[in-house]
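The chain below stands alone and is given as structure tokens, in the form predicted on its own.
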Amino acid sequence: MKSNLIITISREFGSGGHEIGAKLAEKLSVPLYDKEIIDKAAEQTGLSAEYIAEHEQRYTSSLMFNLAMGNYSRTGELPLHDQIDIVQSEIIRNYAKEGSCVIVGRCADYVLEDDFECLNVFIYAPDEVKLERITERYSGDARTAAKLIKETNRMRSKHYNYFTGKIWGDRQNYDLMLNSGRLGIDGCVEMIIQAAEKVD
């Protein structure tokens, strides 16, 4: 693998993308950045990590951000989700400058495409696999799980399309697209490692 290769993982909710990223980072002995980005953004903005996690892909007013940042007199601010995106994008770039790592979500493939060597991966899975995974996570309530999967993936798609001007899940945006339902978590990890070893 190149001495400074960033692996970005975009994923459908319920596909196991975070678990794949965590195992991949462990095997490669490189940092994993996912929730860490939220924590760093909270530190920089004064907003809570919980608030950012809930609102980072939502479309809303910039008032709360301005109040939290003390920008009482400023007008014409960007919407809150744009401001969170800007903060998180800078955090992602700073992490990438530190060296090889795995970054999960947050349009990292787009944020880094012009300045860093990246292997961009998209993880997907059949609906029944996603439903089983999320149902287990949420105490066996299949109806709630199905609704959550649909809504979360809708928001991820809308956010990615808005922020990048590209289409979430379009094969042209990624180097590797893997079906975790067929390959399994460990199978996806091994295939990403193999692909990383071939990056010039």
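These figures come from a predicted structure and were not determined experimentally. We number the residues from 1 along the sequence you see.
As for the form predicted in complex with a further copy of the same chain, it is not shown, yet the points below apply to it.
The three residues Asn94, Gly99 and Val102 each lack any heavy atom within 4.5 Å of a further copy of the same chain in the predicted bound form.
Remark: Lys130 counts among the residues lining a further copy of the same chain in the predicted bound form, judged by a heavy atom distance of 4.5 Å or less. Among residues of the shown chain, Leu176 is one whose heavy atoms approach a further copy of the same chain to within 4.5 Å in the predicted bound form. At least one heavy atom of Ala125 is located within 4.5 Å of a further copy of the same chain in the predicted bound form. Although the partner is absent here, Ser139 sits far enough away that none of its heavy atoms falls within 4.5 Å of a further copy of the same chain in the predicted bound form. Of the residues in 167-194, those that come within 4.5 Å of a further copy of the same chain in the predicted bound form through at least one heavy atom are, in sequence order, Trp168, Gly169, Arg171, Gln172, Tyr174, Asp175, Leu176, Met177, Leu178, Asn179, Arg182, Leu183, Gly187, Glu190, Met191, Gln194.
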